[in-house]
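What follows is one chain in structure tokens, specifically the form predicted alone.
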Amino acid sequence: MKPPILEMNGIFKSFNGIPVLKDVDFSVKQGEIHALMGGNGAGKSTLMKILTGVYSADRGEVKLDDNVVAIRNYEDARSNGISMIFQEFSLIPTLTVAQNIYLTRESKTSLGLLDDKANEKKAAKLLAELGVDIQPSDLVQDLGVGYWQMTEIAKALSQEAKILIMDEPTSSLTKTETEVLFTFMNKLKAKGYAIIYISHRMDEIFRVCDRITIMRDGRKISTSQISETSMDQVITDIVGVASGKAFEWVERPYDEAGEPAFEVRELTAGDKVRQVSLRIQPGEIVGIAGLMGSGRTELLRAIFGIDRIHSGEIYVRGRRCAIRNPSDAIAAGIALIPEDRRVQGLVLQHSVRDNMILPILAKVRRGPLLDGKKMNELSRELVKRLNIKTDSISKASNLLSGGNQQKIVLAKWLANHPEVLLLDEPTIGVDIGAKTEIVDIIRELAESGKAILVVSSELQELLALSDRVLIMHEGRMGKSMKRQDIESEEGLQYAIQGY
């Protein structure tokens, strides 16, 4: 039996006193493709960020070839042969394959000029060793996305990486490109490289991986040989036991036969949203489930006017709305709570109050100036309504916890009294107490007659909230399931996986 090339032992990490990794053990062998799976918030990303030097563990050790190593930053990781291939490509399309592979590490002539011929010669040798059928002089922008992925991998291996972390590598690939990537991965495996493969796609996991480790709630739940486990067991390990009555579904009455509060007809936007149609009744919560890259976030972005709509129609309370930008969406009574609150939802250096009144500046004016008294009254009312824990509405938003930051994002849109709420991962990165409160707030909004569309990777949350669940796959809307017909998270997971 091969010894591990990598061992992570007793890794513990907390943020603001909240443990996110709880004494996790993880190992990878040379010449192995090892799947790392778990639901949102399971701790996968934090564990990999410790391995790549983004975070430091509070305690625990990392061993490479049975030697303890200190990984304090990305350079430490790279010098120890660890490299991560992210979902979003880091390539420059207008440069060649060779220029991208050796970017910032180029060979130079005796005069100190860039030596493209020498770089192409080194790249040709590397690509030949890896069995990649692309030319070093090819412009990246002329290649298919699958070859972008292989160029990223070649770039990592040119830095003498021996452990590759691949984060959802097929999320933007076609089936043909995925086949090419899997063939390439098997070649790397045969050459002795170790690959940590992060994906939500079980068919891929069972096809390409040797072992699988599953995490849940910051702990390692299991490690198994792929040949000795089953999809049923994997789903059970990912889902675990539901906790708390806050995440129990409560059936709520709403008008199922009347005019919809919100409707999308044959909406197409970009390459991730294709002829999507859906209806939401007043007071109804509709959840969207799907794999990473299925187009869920892109659908919400298109409805809110961030991404350009190519065709289709949007109706709010029976009135057709032309949405060309977020201002049009806001005027139509649509609000979006985005997935990344810190980048897209808040101006972190601004106060609680200032963030809350950003969408409603026109409503708090007094002549040419803003009405400070009105702003303060409105902000305090929202802080109280959403139980935002802050000692002052003047406090900078970045000083609050993740859960309270998310409540500010909700509050700023509630001040605008929207008819339709689009929620993208509404409880991501918040503790269980804040999750419970946010779930209650969403239910209250539905009770008041709002139409609510929720995207969530946390199936427990989706099942607790939704009256109906729609399955999205490769940009199209598929199966529609009434909540009372979904018996368990396992049943929904099967639907998402297409079984």
Partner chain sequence: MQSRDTELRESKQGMLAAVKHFPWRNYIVYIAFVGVFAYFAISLFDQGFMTTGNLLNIIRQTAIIALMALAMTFVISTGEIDLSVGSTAALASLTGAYALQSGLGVLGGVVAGLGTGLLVGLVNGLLVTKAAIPSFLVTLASMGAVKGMAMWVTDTAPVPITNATFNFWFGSGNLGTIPVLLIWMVVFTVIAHVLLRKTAFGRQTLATGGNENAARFSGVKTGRIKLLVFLGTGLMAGLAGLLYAGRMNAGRFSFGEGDELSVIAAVILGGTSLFGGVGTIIGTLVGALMMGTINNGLIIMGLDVSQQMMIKGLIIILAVVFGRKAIRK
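Here the structure is a predicted model, which is why all the values come from computation and not from measurement. Residue numbers count along the first chain shown, from 1.
Another form exists, predicted in complex with its partner chain; not displayed. Remarks below refer to it.
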At 4.5 Å between heavy atoms, only one of the stretches 389-397, 133-141, 201-209, 333-341 reaches its partner chain in the model of the complex; which one is it? 333-341
Contact label in the model of the complex: residue 369 to its partner chain, heavy atom within 4.5 Å: yes
Does any heavy atom of residue 365 come within 4.5 Å of a heavy atom of its partner chain in the model of the complex? yes
May I ask you to check whether residue 412 falls inside a 4.5 Å heavy atom distance of its partner chain in the model of the complex? yes
Does its partner chain come within 4.5 Å of any heavy atom of residue 296 in the model of the complex? no
Does its partner chain come within 4.5 Å of a heavy atom in each of 326, 350 and 375 in the model of the complex? yes
Could you check which residue among 250, 111, 361, 257 gets a heavy atom within 4.5 Å of its partner chain in the model of the complex? 361
Interface residue in the model of the complex among 418, 403, 345, 146, criterion: non-hydrogen atom within 4.5 angstroms of its partner chain: 345
Within 4.5 Å of its partner chain in the model of the complex, which residues of 301-321 have a heavy atom? Give them in sequence order, or say none. 301, 304, 306
Closer or farther in the model of the complex: C-alpha pair residue 392, residue 18 (3 angstroms or more): closer
Any idea whether residue 346 and residue 16 get closer or farther by CA distance in the model of the complex, knowing it moves 3 angstroms or more? farther
